[in-house]
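Presented as structure tokens, the chain that follows is alone, the form predicted on its own.
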């Protein structure tokens, strides 16, 4: 277990560690200090996984800092604002969310949305990677009530149809903000026309890059007081997403294990995981296309664009063998990894909406490669796991720790020194090192 990294792996480790150290604020890690100065709930998952391999104490503080922003009803916000930075340091800032006017919100300023709930997985990884398990067991005991409250909130307020699946009310809750999978439900929205807007019909249908709709959706939720009844009955955007629900399922299993470790009852979490597992296969599996598809609750149908989120259910244990075969075949096909020099593209390459350079509409991301690698390893899909491991390290060796990458030539795009990319490289390297030493 203590085998040393050698050659360029050592240099890569050191470079990744420097990125995480540079982004440390004292309580959390800025995803990219120049562009993203606050704490994002999705990024914090991946950052804490990497910190568990590098500075475990900071990994604990990363999660503790994030959960300090949890609302009284259990909602974990997708964005916790760092009060050190000016209110205009990032847009949209606290003025959009007005969390200070909500009696359920904490004193720290937050958003009113929630990220994919993978946090129990990150907390458990911190424990399994630790040398001092007595310390991490105490940390898990401290964090367990907050994790359980997060899952209770999702089951109570985000299972809008009683199926067991949770629904997102905004693309910013998906972990794939501008994905073309949201184009259809966004295009169905009818926000009020601004007084200064030209009174002519648009030339093209709205896309995931139509920020007027993004902001209008956020204001709708805010102006309804972030009430669960509004989401269930009135909010116009409600989608059951395979990535979000796979994160929910994986975390339910992790939460059951955490409960066992800290002496709590794991049975409710196992029962919830079983319900989500069944609903995932029953509601989101599309046998006709051989993949999982997002389901639009308002439109009453699967959404047409296939994205990398279709493979996220690899995080679910006990997938039927035919489902695993279909997912593996599609992932390795010319629609995804088979035609990309630096997989995995985030959108079906053959889809009209694919754009190799546009945010979440085609480029490869380290964090989703890591998610699929985690699932592939758990299912014994060695070919896919090795492909994802090698291609992810090749991306960062060529272009650095960028936010995302061109899937054809590996060009880095978005922010530089992106903490999530650096953190997950540490986890990839550490996992391979442990495997070799075993």
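Numbering follows the first chain given and starts at 1. The shown structure was predicted, so the numbers you read here are calculated from the model rather than taken from an experiment.
Another form, the form predicted in complex with a small molecule, is not on view; read the next lines as being about it.
Asker: So in the predicted bound form, does any heavy atom of residue 73 sit within 4.5 Å of the small molecule?
Answerer: Residue 73 lies outside the contact set for the small molecule.
Asker: Given that the small molecule is not shown alongside this chain, does residue 389 nevertheless sit within 4.5 Å of it in the predicted bound form, heavy atom to heavy atom?
Answerer: No - in the predicted bound form, heavy atoms of residue 389 and the small molecule never come within 4.5 Å of each other.
Asker: Contact with the small molecule in the predicted bound form for residue 67, defined as at least one heavy atom pair within 4.5 Å: yes or no?
Answerer: No, residue 67 is distant from the partner.
Asker: I'd like to check something about residue 359: if you look in the predicted bound form, is any of its heavy atoms closer than or equal to 4.5 Å to a heavy atom of the small molecule?
Answerer: Yes.
Asker: Which of 369-377, 56-64, 394-402, 37-45 has heavy atoms within 4.5 Å of the small molecule in the predicted bound form?
Answerer: Among the listed stretches, the partner-contacting one is 37-45.
Asker: By the heavy atom within 4.5 Å rule, which residue out of 175, 363, 77, 242 makes contact with the small molecule in the predicted bound form?
Answerer: Exactly one listed residue reaches within 4.5 Å, namely 175.
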